[in-house]
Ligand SMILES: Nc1nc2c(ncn2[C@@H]2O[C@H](COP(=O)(O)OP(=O)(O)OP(=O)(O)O)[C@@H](O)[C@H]2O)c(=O)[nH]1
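Only one chain comes next, encoded as structure tokens, the form predicted on its own.
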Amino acid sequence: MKQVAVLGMPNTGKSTFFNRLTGASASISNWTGTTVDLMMAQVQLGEEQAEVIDLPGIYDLRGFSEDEEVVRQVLKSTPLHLVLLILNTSQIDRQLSLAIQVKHLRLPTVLLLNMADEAPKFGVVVEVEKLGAELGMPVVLMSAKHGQGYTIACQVIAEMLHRQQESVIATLLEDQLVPDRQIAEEMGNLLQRTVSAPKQLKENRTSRLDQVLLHPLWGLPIFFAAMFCMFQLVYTLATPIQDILQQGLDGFKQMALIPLIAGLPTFLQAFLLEGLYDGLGTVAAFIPVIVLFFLGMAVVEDSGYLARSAFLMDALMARLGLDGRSFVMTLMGFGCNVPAIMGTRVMRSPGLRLLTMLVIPFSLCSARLTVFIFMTAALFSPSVAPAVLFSLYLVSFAAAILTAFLFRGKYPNQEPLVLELPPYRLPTLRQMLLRSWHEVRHFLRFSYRFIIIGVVLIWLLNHLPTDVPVASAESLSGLLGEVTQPFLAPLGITPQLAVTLLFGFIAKEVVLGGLAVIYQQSGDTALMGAIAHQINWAQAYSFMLFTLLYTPCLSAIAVLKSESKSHQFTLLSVAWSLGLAWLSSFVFYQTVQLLGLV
């Protein structure tokens, strides 16, 4: 099988091309010779079966960030048959330096000039044949987003791969890399002979929008208002879909599952229905929420607005020892804290990396989101619930800002932010659906094993010993919940909720399934009613605050340890999260009690 590497600068559509090339077959695995996980897939390219690896985006092969080191490590250790180099056509005057560096590595390469559909808007014209002859590699204009030129690109790639029978390992010794002065000289000559571009870009849609969206006074309020509208839309659209899905799950249970297991012992029937099915079904009913949330985030990210949020937040973040990239990683943590923590590798400063990793676990990830949407629907009216949910996002940002402010002296950073703002684009429906599918698949693949373990253990705790009432104070779950009360009762958290928090340490997805098992209710409506009957809105909000801020899941803790390479830092992160969660919930609940608001 032949080896192909996809290489390019950040924000050039590299991942869009990789996703179009591989479809839904891509997986995240550890690549031989590296200590990190990378996207890869096996695809048929013409007559050849190839393994394609999506390398992290880099600006320079001499770079010092961990992502750039990963790229060098792969190139030095992996016998490659072909490199697919992707650059942004409209920004070729700033990106051609990477193509020149790759040329001097003498690796078989195809240069894909992506976003070619945008280049005419900026007055950029590239003489493809001349550029290919100068670089000694095929050059293809294409749009990975819309598919223009994609078929031709695939044909060129297949032909190059078929001709290349022997693999090549790059020579990447520092003293053999092309000097910067030579690269600048070659790039100037190449641009003069092969590229036509205006000296000054005329005003376009992007510049006009930036005058409003990047306004120093109104930029941030507009951003947060846009995010609130997205949450409102997700909540409004997801509720009826959840109801339909829940009805389907209940119907399958009554019509198919119960008759199927009717002959089994009573204890086993209860385990399969009340433990596994009800617990997993409650979580499954919230998959539409995750899909819609990531559709919204795909619009924010792929439109170019996410990069601008980093620009807007950079001044504030700099005062906290962070920068705009830290804000972007925090937003990425809304999907899952694990890849967001891994994304800090693009930062060269060790202090910046560690401080960013310390704040990311406060991001309201998709697993917490399912819990919060459920609790807000159970305890708050439909008109109030979106505002409650949005307030938790604001608390998430506040916790991150407070953490950065308190620990900035311990993890200093002197690295300047270099940020390139892409033009505004409307993502295609295919892009959004593919992005949502990858996120949901990640949720299902890595979460359900924890959910199954969690709901099974909680069910057993509820039903053991067998000679006491189920889920009573005498059961193992009741005893375990009572043990936590000196610590959690001042927060308004009941013994039943406490048990789910303990298992939420394994994975936050377990919390929602655990509630279904503990309250022995089938279906969201019945479970919401049972919880609303036992606790008030202040207890629910205190529980959500604690769930938001307390220790991240085991997967996130493992990644914190591997990325920081420090037991001490990992312990600090866990202890600080737990302490902040307890203090925040205590202050909120006791204040509400003191003011007599419940």
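Quantities reported herein were computed from a predicted structural model and do not represent experimental measurements. Heads up: residue numbers just count along the shown sequence, starting at 1.
Just so you know, the form predicted in complex with this ligand exists too; it's not on screen, but the next bit is about it.
Within 4.5 Å of any heavy atom of this ligand in the model of the complex lies no heavy atom of His104. Contact check for Leu82: every heavy atom lies farther than 4.5 Å from this ligand in the model of the complex. Although the partner is absent here, Arg425 lies within 4.5 Å of this ligand in the model of the complex, judged by heavy atoms. Although the partner is absent here, Thr12 is a contact residue: one of its heavy atoms lies within 4.5 angstroms of this ligand in the model of the complex. Interface residue among Ser143, Gln73, Ser396, Gln521 relative to this ligand in the model of the complex, by the heavy atom within 4.5 Å criterion: Ser143. Here is the short version: of Asp117, Glu415, Asp210, Glu134, the single residue with a heavy atom within 4.5 Å of this ligand in the model of the complex is Asp117.
Of the candidate stretches 222-230, 308-316, 367-375, 107-115, only 107-115 has residues with heavy atoms within 4.5 Å of this ligand in the model of the complex.
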